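Below sits a lone chain in structure tokens, taken as the form predicted alone.
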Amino acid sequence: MRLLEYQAMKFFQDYSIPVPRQFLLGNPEDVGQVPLSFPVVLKAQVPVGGRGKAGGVKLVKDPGELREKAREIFQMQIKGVPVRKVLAVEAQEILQEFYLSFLLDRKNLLLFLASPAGGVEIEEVASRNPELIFRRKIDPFLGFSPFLGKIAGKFLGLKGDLLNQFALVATNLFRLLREKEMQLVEINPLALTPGGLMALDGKLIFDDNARFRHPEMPPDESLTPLEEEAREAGVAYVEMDGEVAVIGCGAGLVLASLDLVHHLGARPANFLDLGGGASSQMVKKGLEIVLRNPRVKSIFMNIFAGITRCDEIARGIVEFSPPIPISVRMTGTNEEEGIEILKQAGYQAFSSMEEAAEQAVKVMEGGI
């Protein structure tokens, strides 16, 4: 679960990480209650990136401008996600920006990153200037040492009291990751202001598997209404911004399908994993969900059946009868029965995922 910025800021406060004064707006009328000093930064609270480029971050200098700009942001959709909350934050004088994070990593298990190039995506820094990234593997049994925080702080060019403050911020951020069982804790930027270091933005990703141990965690506001509906139906669904709907059985297979669609020059419209042993009813529910996205022009269904039965998948497709082209790769348990069911209904099934994906991309582009 990815927390929204205002939720991350609350956790930073709880763990003694300095943040600017702020106020959460639930609607445009709340601007009259903002107890902050101007200038103020208004920031759309959405679980997607690129809000600044989309106009979802605005600097305002007086109450009149605050009212006007807040109304504009509340009327926005950023990458298809409507803005329901806006965070008002007192603007700060920024002398320098840093990056700081801890994350779970497949290769290193637990990684500590810091950089003097804050305020931009860390992936961009890694690509263009990898020498600007301080990187250390953390032993989860030994934990994080403030001494390592000072080593990183020196790498950033900090000295004296600022070096000690950075080490304390890093230590508290690690405590947050460990105690709240986060997968990622990130401050970007960690700004140097006339008053010291301050977290101006943050990203926290919580491990949903640990929710039963953390009743204090806030509800998941990162899901779109359709994603929430899919979760309640037992389907793993993530909306994306493409035109080819992707459905499969097994997360790894679906991820490979997304990569293949992208490799062929198209953009996936979603990730949808029906799970093992999917019934025909689950197939119909999955098709209904992906077709609620008006951008979808074709469907790529990739089935490698083990527990799942190809004949059940085929019955679900035929009974639903998608109104747009569907390209099916089907192999595994009851493969012949499933292919025959599709064939009698006028659908073609491929044994190769590459061929099926190519077909889905061609029909999406109007090539067939």
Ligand code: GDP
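Start at 1 with the first residue shown and count on from there. No experiment lies behind these values; they were computed from the predicted model shown.
Keep in mind that the form predicted in complex with the ligand is not shown, yet the notes after this line are about it.
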In terms of non-hydrogen atoms within 4.5 angstroms, which of the given stretches 37 to 45, 311 to 319, 65 to 73, 327 to 335 touches the ligand in the predicted bound form? 37 to 45
Can you confirm whether Leu226, Glu243 and Pro294, the three residues that make up this candidate site, all sit within 4.5 Å of the ligand in the predicted bound form, judged by heavy atoms? no
So, Pro116 and the ligand: in the predicted bound form, are they within 4.5 Å at any heavy atom pair? no
Does any part of Asp220 reach within 4.5 Å of the ligand in the predicted bound form? Heavy atoms only, please. no
Pro189: heavy atom within 4.5 Å of the ligand in the predicted bound form? yes
Contact flag, Ser280 vs the ligand in the predicted bound form, heavy atom cut 4.5 Å: no
Note which of Val235, Ile122, Ala91, Ile205 lies within 4.5 Å of the ligand in the predicted bound form, where distance is taken over heavy atoms; exactly one does. Ala91
In the predicted bound form: members of 198 to 220 within 4.5 Å of the ligand, any heavy atom: Leu200, Asp201
